[in-house]
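Below, in structure tokens: the form predicted alone, a single chain.
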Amino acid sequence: MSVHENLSVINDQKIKEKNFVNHYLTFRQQRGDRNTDPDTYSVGGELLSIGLRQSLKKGQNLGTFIEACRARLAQRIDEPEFLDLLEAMYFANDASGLFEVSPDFMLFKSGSSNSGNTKHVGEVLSGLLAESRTSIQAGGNNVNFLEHEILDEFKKIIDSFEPENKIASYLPFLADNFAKDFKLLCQYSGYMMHGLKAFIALYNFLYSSQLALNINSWKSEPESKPLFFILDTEKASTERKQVRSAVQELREKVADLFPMLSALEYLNQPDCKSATRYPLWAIRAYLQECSSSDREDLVNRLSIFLENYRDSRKLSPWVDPIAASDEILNAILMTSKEIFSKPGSGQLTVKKKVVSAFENEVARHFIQNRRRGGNVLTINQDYLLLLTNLAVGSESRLQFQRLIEEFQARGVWFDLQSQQALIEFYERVGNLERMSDSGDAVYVRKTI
């Protein structure tokens, strides 16, 4: 369904008692002290399914597959003791050994987790991949002849399909980089299985932080906004204002996410499962481009919705004049912020809990307290090497300034002091090349 079709029925939308967000957000309210990472295999399985255009045939699951493998291997092996050994190697403990043979087996886990956290992360990241329409080719597996038998059995239970994406990407610039990076990861099966958990955590943070930094810039298509990190071995001295202010500024932007996305739900037919969901900037772009008669009609419909929205939340009527499409969108979004800012209200509590969930679940790998320096965004050696490998991509090496640009394109920014620290780090770990015939040019190699 188009933006026009969604907005044409907005007057029919019943304003629900509770505010809700069903799309575009990877986290919700923090409900306890326990912080858990998303299930790697479940999210990885969803991504592989979208990228490979493959899914399990109807009726197939891990249990039926294991039984088929046991029968197949029993025909080729005469010694029962060896079969027991294979059982322990591949099929024991929920078949944990299988997932070390090939990433393909994560298709068994695709979307299988009951965790809300895993579900939200999987939906958003697989949406980024589906939006880019990137097709993935898995790298070859270095397997023995028995594992080859298991993979042959696996191919018998796989079907092809064409993914359908009903959610337009909020961050197209990041979707393109995510697809490119996941495609690279899939070319190195061993590295993928080793780094997939960190890859998901990194992109969960990059997506969520860039969504927060772009949410109020709904009059234009999102772009990578500056967000300054330091290496975890660096000092956050007082003159580094961009570094020291990053967490506080990000926290303030995150606070707007739940209110504004809850208003966006009503612009996308929340009760219609077949409706396509569009981001705020795409809805605004449509209202700018449509005919004047369509725009006037939709502004009138949105104005009636605004009146109902404010009345349902016991807010006084909107008094500022509304004639243009930007004015009505701004009024709806300002109303959503007003709802979540009432002192002592449950909505204000929800907003605070959502911000806590971002800090303690999504950003906990990247926010570090430096006591007198306050909270700063840091990146440790493991995440830095992963990010470097992704940014260098299909090249064997990348000129240093181009590498910095690739970092920025993914939402990771470094000031000049950190850039010097990066060069020293790459030199120390041995993946820096200084070109004697090209002045000060330095190149960074990837480690895969």
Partner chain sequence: MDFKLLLDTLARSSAQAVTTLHQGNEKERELKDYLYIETDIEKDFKDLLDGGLEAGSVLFLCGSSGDGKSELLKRYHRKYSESFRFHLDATHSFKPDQTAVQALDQLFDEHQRSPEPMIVGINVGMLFNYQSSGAERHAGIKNAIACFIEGENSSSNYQFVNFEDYPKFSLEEGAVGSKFVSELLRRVTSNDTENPLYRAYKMDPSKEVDLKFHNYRLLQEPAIQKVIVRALLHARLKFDQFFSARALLDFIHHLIAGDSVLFDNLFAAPGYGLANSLVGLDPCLLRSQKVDQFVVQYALCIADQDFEEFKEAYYKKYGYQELSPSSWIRAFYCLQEVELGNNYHEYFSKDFALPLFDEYIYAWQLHHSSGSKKQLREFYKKQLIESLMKFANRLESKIIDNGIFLEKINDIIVSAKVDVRADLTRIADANQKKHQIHCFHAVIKVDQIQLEPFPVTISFLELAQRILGGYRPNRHDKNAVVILEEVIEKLVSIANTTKSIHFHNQGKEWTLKLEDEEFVVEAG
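Positions refer to the first chain, counted from 1. The model shown is predicted, which means the values in this text are computed figures rather than measured ones.
The form predicted together with its partner chain is left out here; the points below concern that form.
With the partner omitted here, the residue from Ser135, Ser96, Ser345, Asn300 that has a non-hydrogen atom within 4.5 angstroms of its partner chain in the predicted complex is Ser96. Residue in contact with its partner chain in the predicted complex (any heavy atom within 4.5 Å), chosen from Glu149, Glu327, Glu123, Glu359: Glu149. No residue of the trio Ser160, Ser217 and Lys253 has any heavy atom within 4.5 Å of its partner chain in the predicted complex.
Here the chain stands alone, but in the predicted complex its contact with its partner chain, taken as any heavy atom within 4.5 Å, falls in 396-404 among 60-68, 396-404, 410-418, 46-54. Under a 4.5 angstroms non-hydrogen atom cutoff, its partner chain in the predicted complex has Gln381 among its neighbouring residues. Of the heavy atoms in Tyr90, some are within 4.5 Å of its partner chain in the predicted complex. Although the partner is absent here, Val101 lies within 4.5 Å of its partner chain in the predicted complex, judged by heavy atoms. Put simply, Leu184 is far from its partner chain in the predicted complex: not one heavy atom of it is within 4.5 Å. Of all the residues from 396-435, those having a non-hydrogen atom no more than 4.5 Å from its partner chain in the predicted complex are Arg397, Gln399, Arg428, Val429, Arg434, Met435.
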